[in-house]
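Below, in structure tokens: the form predicted alone, a single chain.
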Amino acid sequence: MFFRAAWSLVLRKTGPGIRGMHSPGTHGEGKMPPYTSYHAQRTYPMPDEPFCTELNAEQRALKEKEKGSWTQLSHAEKVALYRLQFHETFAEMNRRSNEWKTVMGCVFFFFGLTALLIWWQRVYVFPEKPITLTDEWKAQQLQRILDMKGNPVQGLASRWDYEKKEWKK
């Protein structure tokens, strides 16, 4: 309850609130910034608005020339008009990036860091192996089970030949 009251005071102090600050009309002179919501990708190639919204004098003259016959436009002018409307061509959108190198570098870095952490824990954190995990202890335990003839029907004692002192074949 206290949080809700404090939050309402904060919103009252700042005026219209967080939402009002992000509306298109509150950016300084009342104009939208030039690259606001341009979004083009392979799956959605035609954005809602052009890439460049604020044009200089040369670009405005080119836009006026665009209204005429396109046969009079040079190749460079057509490319410039395309660049006013779109940020990238399909070939530029589809080109391979080198981002995989960064991703793989980060993956291998964290693998190395993890290996270093595991080594450090084995050396400094984990205790010594208990004596019951040594090979000598395991051999003694097996001999004890065989001497006691434990589970002679289906267990280990059934597979041991007591006369020859070796495993049955």
Partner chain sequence: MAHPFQMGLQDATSPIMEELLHFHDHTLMIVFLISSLVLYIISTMLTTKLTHTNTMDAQEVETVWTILPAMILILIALPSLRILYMMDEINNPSLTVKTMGHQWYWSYEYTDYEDLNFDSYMTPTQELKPGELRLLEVDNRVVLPMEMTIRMLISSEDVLHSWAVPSLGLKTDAIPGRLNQTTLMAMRPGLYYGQCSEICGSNHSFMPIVLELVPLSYFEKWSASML
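Numbering follows the first chain given and starts at 1. Since the structure is predicted, the reported quantities are computational estimates derived from the model, not experimental observations.
The same protein has a further form, the form predicted in complex with the partner chain, not shown here; the description that follows concerns it.
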query	finding
Heavy atom distance at most 4.5 Å to the partner chain in the predicted complex, all of M104, L116 and Q121	no
The partner chain contact in the predicted complex: P130, any heavy atom under 4.5 Å	yes
Non-hydrogen atom contact S69 with the partner chain in the predicted complex at 4.5 angstroms	no
Close approach of T134 to the partner chain in the predicted complex, 4.5 Å, heavy atom	no
4.5 Å heavy atom contact, R60 to the partner chain in the predicted complex	no
Interface stretch in the predicted complex with the partner chain - options 104-112, 139-147, 47-55, 60-68, non-hydrogen atom within 4.5 Å	139-147
Neighbours of the partner chain in the predicted complex among 40-75 [non-hydrogen atom within 4.5 angstroms]	R42, T43
